[in-house]
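Only one chain is given next, in structure tokens, and it is the form predicted alone.
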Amino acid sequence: MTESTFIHRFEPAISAGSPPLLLLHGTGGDENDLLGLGKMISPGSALLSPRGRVLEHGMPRFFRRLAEGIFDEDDVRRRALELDDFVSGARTQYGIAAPVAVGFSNGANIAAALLLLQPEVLAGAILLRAMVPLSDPPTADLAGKPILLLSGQTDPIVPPGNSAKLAALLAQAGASVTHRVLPAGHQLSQADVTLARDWIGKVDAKAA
């Protein structure tokens, strides 16, 4: 077992034209959490779903935090590189293309960090309730990379200004960002599923 090995689930594609999805759960989730969401968003896609390797009071996460909304940024950087290694190995093992990340909360934050630190590893991302993961990120080249950012208007964890800052940061790096603020809190709603499904369908159509 290598340092970058993650407990994970993999489900092969059932439609050749659908992009693989990298499913990244929130705090306390595991490799099974977002499989249903992935199937609702893109029914034909291969699904790669790792379990976060950091434990906070016994709950899996993808990186350490010092307090709610305050991240251990050294750990963010290290864990993003570990996840990059895992995805690269899984692509070889399972014969899949660069995936579109679908991350919720902590999973969305590590996906955002991946985009900024290792931009080539992802084909795009759906970031659900994401925050800015790094206070001083490197200059990334995300030219044309499609990103959907869905925020909650009454989210008690992610301040509206923070998600807007993340959208601007990704756009400045060249990504094609769609940012929608929904009448919701931190939890996901049916609107998240519908918007994500419609968005990935349009991304598919452009790639075809």
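Sequential numbering from 1, following the sequence displayed. Computed from a predicted model, the values in this text were never measured in an experiment.
The discussion below concerns the form predicted together with D-malate, not included here.
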Quick one: in the predicted bound form, does every one of 61, 65 and 106 get a heavy atom within 4.5 Å of D-malate? yes
Which of these stretches, 134-142, 84-92, 119-127, 106-114, has heavy atoms within 4.5 Å of D-malate in the predicted bound form? 106-114
With heavy atoms only and a cut-off of 4.5 Å, decide whether residue 157 touches D-malate in the predicted bound form. yes
Even though the partner isn't displayed, in the predicted bound form is residue 163 close enough to D-malate, meaning a heavy atom within 4.5 Å? no
Should residue 69 be classed as touching D-malate in the predicted bound form when contacts are defined as heavy atoms within 4.5 Å? yes
